[in-house]
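For reference, the chain that follows is the form predicted on its own, supplied as structure tokens.
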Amino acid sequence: MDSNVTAVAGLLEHFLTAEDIRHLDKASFPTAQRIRASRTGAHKARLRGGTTEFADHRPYSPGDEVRRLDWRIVGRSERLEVKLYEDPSTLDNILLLDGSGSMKFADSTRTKFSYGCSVAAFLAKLLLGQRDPVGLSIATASEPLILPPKSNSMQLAQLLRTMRQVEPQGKTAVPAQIRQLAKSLRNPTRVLLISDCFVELELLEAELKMLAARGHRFHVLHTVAPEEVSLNYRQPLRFTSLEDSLRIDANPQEIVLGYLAAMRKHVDGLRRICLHYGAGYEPLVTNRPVGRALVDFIQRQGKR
């Protein structure tokens, strides 16, 4: 088997379960989500076969549909190669992953950052399988990390390796990174924000407004831990900020009603922003299987 295929398979196993990978066959970003592109016209997602023209081969990797294999190549050389087909256009995609300190939070589940990396891995595999260019931006307090959108056979491994090397830290840099993307993206792009969205909504909306005004689209994948949804603690605790040195002693049972009201207001605000700009909003709780959650999200986008 090709060394790149082996490397990708190993990296995917780090981020996705076997169940998540099986869900890849059930997902496809809908062709109804079109965008006017200065490069090649109205976007339609790359098709998995059909009436479009043959474009290229790439090595098979876990999650690809078996029916896409080129059996002539398999018969001649025993190499597993997948057929790729050209559509009239492509849509660039950027996975914007929040790398702030708050994404390190974990209690009953893994960290939000680890979960967010799995979300990004699933989406990257799916979109690259549709032949759409995919890039990665990790918003950190230090110099933000950006990998430009590409659709070549090496891109998935590069994205996965990059995520494995990042340690979330510092204050949120998501609004600043959205601003940078809005200014630097040359082609109409779909930005998939994976974040706990612990940021002032007025500031976030201002940057998303600029992104939309420049012809880009976005979706918000709101990644939170179960404890952040319910605050289901019983004993007095010391809450320590993961982005600075702030500490607060509190009895959760005394503040839970106020906390839940504030959380509902914040989530309602995020939904309002997404609705206003025609964007998708999906709350992703870290105890939910990644593949199933994203298939549900993508199917809902197809119905909008």
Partner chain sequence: MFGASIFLAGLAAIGLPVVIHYLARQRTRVLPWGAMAFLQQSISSASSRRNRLWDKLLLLLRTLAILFLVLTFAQPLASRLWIGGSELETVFIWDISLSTTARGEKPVIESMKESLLKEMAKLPNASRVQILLAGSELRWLRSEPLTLSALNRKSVESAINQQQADHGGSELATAILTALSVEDAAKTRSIVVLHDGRREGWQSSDSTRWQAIRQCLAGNPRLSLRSVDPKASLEAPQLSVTQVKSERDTIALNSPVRFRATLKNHSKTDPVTSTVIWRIDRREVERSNAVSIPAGEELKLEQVLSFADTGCHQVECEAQLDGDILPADNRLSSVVSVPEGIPIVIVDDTPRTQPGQILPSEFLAAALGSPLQKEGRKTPKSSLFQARVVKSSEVTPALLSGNVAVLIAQADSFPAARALHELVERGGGLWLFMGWEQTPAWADELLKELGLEPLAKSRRTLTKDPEHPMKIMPSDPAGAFALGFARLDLHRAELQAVQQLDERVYLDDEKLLQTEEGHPVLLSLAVGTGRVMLQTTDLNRFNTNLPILQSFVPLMRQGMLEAIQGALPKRNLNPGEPIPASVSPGDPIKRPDGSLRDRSRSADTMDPGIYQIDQPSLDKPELFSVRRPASESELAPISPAEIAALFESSTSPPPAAAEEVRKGLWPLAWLFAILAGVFFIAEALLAHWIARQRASQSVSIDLKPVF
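Positions refer to the first chain, counted from 1. Quick caveat, the model's predicted, so the values are computed rather than measured.
Absent from the display: the form predicted together with its partner chain. The rest refers to it.
Heavy atoms of N232 reach within 4.5 Å of its partner chain in the predicted bound form, making it an interface residue.
At least one heavy atom of D107 is located within 4.5 Å of its partner chain in the predicted bound form. Contact annotation for S102: at least one heavy atom lies within 4.5 Å of its partner chain in the predicted bound form. Put simply, R264 is close to its partner chain in the predicted bound form: some heavy atom of it is within 4.5 Å. Although the partner is absent from the chain shown here, L260, E282 and R300 each have a heavy atom within 4.5 Å of its partner chain in the predicted bound form. Though its partner chain is absent from this view, in the predicted bound form it lies within 4.5 Å of a heavy atom of just one residue from E81, E228, E205, D132, which is E228.
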